[in-house]
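Below, in structure tokens: the form predicted on its own, a single chain.
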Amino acid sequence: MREHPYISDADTVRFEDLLRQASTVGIVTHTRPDGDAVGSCLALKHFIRERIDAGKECRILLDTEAPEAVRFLFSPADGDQTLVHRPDPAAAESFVAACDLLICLDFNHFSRAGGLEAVLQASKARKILVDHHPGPDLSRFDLAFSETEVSSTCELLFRILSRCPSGREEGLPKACLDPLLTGITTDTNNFANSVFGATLETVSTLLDAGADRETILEHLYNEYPERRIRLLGHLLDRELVLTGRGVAYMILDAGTADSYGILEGETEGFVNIPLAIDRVKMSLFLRQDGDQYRVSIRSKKGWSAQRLAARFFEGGGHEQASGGKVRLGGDLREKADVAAWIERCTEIFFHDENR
């Protein structure tokens, strides 16, 4: 397997040394975790248990529950060793405070950890970052692996663990394989975007080692609840708007989501579907969340979802896959106002991009 300049032997040795020296390890990811977040957390936990110290105190810390679509990755023991902040903030915060090593996966600022932000900021523990998003706050970490030219945090973590001394000698534990492949699969939209040569090389290695891609795909894409499909039909029929600039958008308000009984994570992937339309250059999906709408943006090659998110939606991410938010209030009080805002912003954006 090829070597990668963004991962040095010195850093992977230090990574493993920090794991071995720590007595209490917290593995943290972003709020509303996706497949890459969950997969990287579980893979790292299994590596620590099987290659570092089976008896080491090590827990995964989530701000909000993992979505139903990726819960197949959790064994009963994984569930027992996972603390979720929203239902039990005292237990999660107490564990963070007790940690002497915190490993932050798949987010670039503590603000992305939701309710765990304050306790992470206050922690005196050593901190390691493993992430593939642009613009990380590197000043907060004792060791950082930050690289945007990878498909996912799971791909980056695979390369780190494979180059750790124990990873080189013994290979990765079998329990790491499916979580890593799941994260790569979901963050690339099943290999439709953000795929590099090294990504396919990583996947090939995981498959050869025993990762079960068929079962992963069955869980991810063939076990949707009926309500998700019915909501998607409703949105495509009644809410999909195409602008003259080649922008597609759908807005899901809280009332509609509730009427279909939609849970967190069950609209994952909706934003990608309008990109199948020939004249669509960019797709936006907005879901109401209290006094704001969460915005997902995807674009075809040549158009920057990242720049749109940063300029108009207080967000960011990757060149063709980004996100942000629209806050309600002021001139944006109703769904119709949000729709007008989207059309105004995208009109300005495409006008400027075409100059």
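Because the structure is a prediction, the values reported are computed rather than measured. All residue numbers refer to positions in the sequence shown, first residue = 1.
What follows is about the form predicted together with a small molecule, which we do not show.
Interface residue among Lys45, Arg287, His318, Arg51, judged by heavy atoms within 4.5 Å of the small molecule in the model of the complex: His318. Shown here without its partner, the chain carries Arg14, Arg20 and Ser166, none of which come within 4.5 Å of the small molecule in the model of the complex through any heavy atom.
Stretch 291 to 299 is the answer when you ask which of 59 to 67, 37 to 45, 326 to 334, 291 to 299 has residues with heavy atoms within 4.5 Å of the small molecule in the model of the complex. The closest non-hydrogen atom of Arg112 lies within 4.5 Å of the small molecule in the model of the complex. In the model of the complex, the small molecule lies within 4.5 Å of some heavy atom of His133.
A residue is said to contact a partner when one of its heavy atoms sits within 4.5 Å of a partner heavy atom; Glu266 fails this definition for the small molecule in the model of the complex, lying far away.
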